[in-house]
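Taking the form predicted alone, here's one chain by itself in C-alpha cells.
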Amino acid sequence: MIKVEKMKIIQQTEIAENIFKISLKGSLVNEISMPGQFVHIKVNTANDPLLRRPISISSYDKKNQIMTLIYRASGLGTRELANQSEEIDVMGPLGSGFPIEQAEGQTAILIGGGIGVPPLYECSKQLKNKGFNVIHVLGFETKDTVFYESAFKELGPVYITTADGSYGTKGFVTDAITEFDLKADVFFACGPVPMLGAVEKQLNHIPGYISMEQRMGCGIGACLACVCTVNGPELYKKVCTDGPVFRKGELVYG
C-alpha cells in the first residue's frame, strides 16, 4: 500500500563527492515488498521545487522500520534534501522492483552505473540470502564518486570501473565484464540508459532485469511524464508504475 508519511531522519552523511546517504525511520518501511522500489520525496513545504523527487531505496530493515536511500545532490531539490536533518515528507513505496523469487541459477551479476548503484545493494543481499553467488560490476565517473565498494564486497566480488581511469578498470562496466570474462546465469542492472542498452546487448544470452532511470512528475502513473518505449503491442509503458524494473528485451533503446 502506498503511504505518505513524515519520516524521521536518523542519519545523513556525504559518502562520496556530492553523494549522500540518508536513513529514515517510519511505518512506511513495512510496505516495501521488493528491492528496486523507490520513494517520492517532497524536500520542503514551499512551492519551489514544486515536484517531489524520485529516489530508489538502497536497503531496508522492516524489524526496525528503517530504510536507507543514496542520492546525488545535483539539482535544486536534492541539494535541499541534503540540508534536511529532522523529518521529510515521503510517499511510497512505488513501482515494481527486482523479482528475486523468479531468478534461477547459481550466479548473478549485478551491474550498476553512478546513482544507479544503490538499489542493487538490497537486491544483492536478497540474492545472497537465496543462495546465489553474486558478482558486482560498478561504474563511476571518477575515483571521488565511488561509494559502497566495501559494502558490496561483504556480499561478493566487486569490479569497479571509472570513466577517467582514476580507479579500477578504465572505461565502462561492459569493459570490465569483458576484461575479467565474468560469467553468470542471470543479470540485474540499473544506471544510465546508454549503459543499460550496452549491458543488455552484451548479456543477451542470459535472462536479465533492467531498472530504468527516468524523470518523473507524479510518480503514480497520472502525468505520463516518465513513459518509455517498449517492444510489443503496448508500445509505451510508465516507468513509475509499470517499472522501474523491466525484463530484458522489453525496453527499446535509442
Partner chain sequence: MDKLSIKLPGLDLKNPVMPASGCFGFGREYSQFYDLSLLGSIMVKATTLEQRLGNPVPRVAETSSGMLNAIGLQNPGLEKVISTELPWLAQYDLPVIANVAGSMTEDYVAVAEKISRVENVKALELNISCPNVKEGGIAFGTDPEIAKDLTARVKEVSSVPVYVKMSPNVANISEMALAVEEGGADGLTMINTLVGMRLDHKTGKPVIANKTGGLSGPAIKPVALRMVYEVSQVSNLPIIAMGGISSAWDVIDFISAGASAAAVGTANFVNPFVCKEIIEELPGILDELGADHIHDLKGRAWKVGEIANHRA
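Note that the coordinates shown come from a computational prediction; the quantities given were computed from them, not determined experimentally. Positions refer to the first chain, counted from 1.
One more form of this protein, predicted in complex with its partner chain, exists but is not displayed; see below.
Candidate site formed by G165, V193 and L251: none of these residues places a non-hydrogen atom within 4.5 angstroms of its partner chain in the predicted bound form. Here is the short version: of L51, I206, I66, I32, the single residue with a heavy atom within 4.5 Å of its partner chain in the predicted bound form is L51. Taking non-hydrogen atoms only, M91 approaches its partner chain to within 4.5 angstroms in the predicted bound form. The shortest heavy atom separation between G197 and its partner chain in the predicted bound form exceeds 4.5 Å. Residue contact check for R215: one or more of its heavy atoms lie within 4.5 Å of its partner chain in the predicted bound form. Interface membership of I15, defined by any non-hydrogen atom within 4.5 Å of its partner chain in the predicted bound form, is ruled out.
Only one segment in the set 56-64, 23-31, 197-205, 41-49 has residues whose heavy atoms sit within 4.5 Å of its partner chain in the predicted bound form; it is 41-49. Residues Q214, R215, M216, G217, C218, I220, G221, A222, C223, L224, A225, V227, E234, L235 of 199-235 are found to place at least one heavy atom within 4.5 Å of its partner chain in the predicted bound form.
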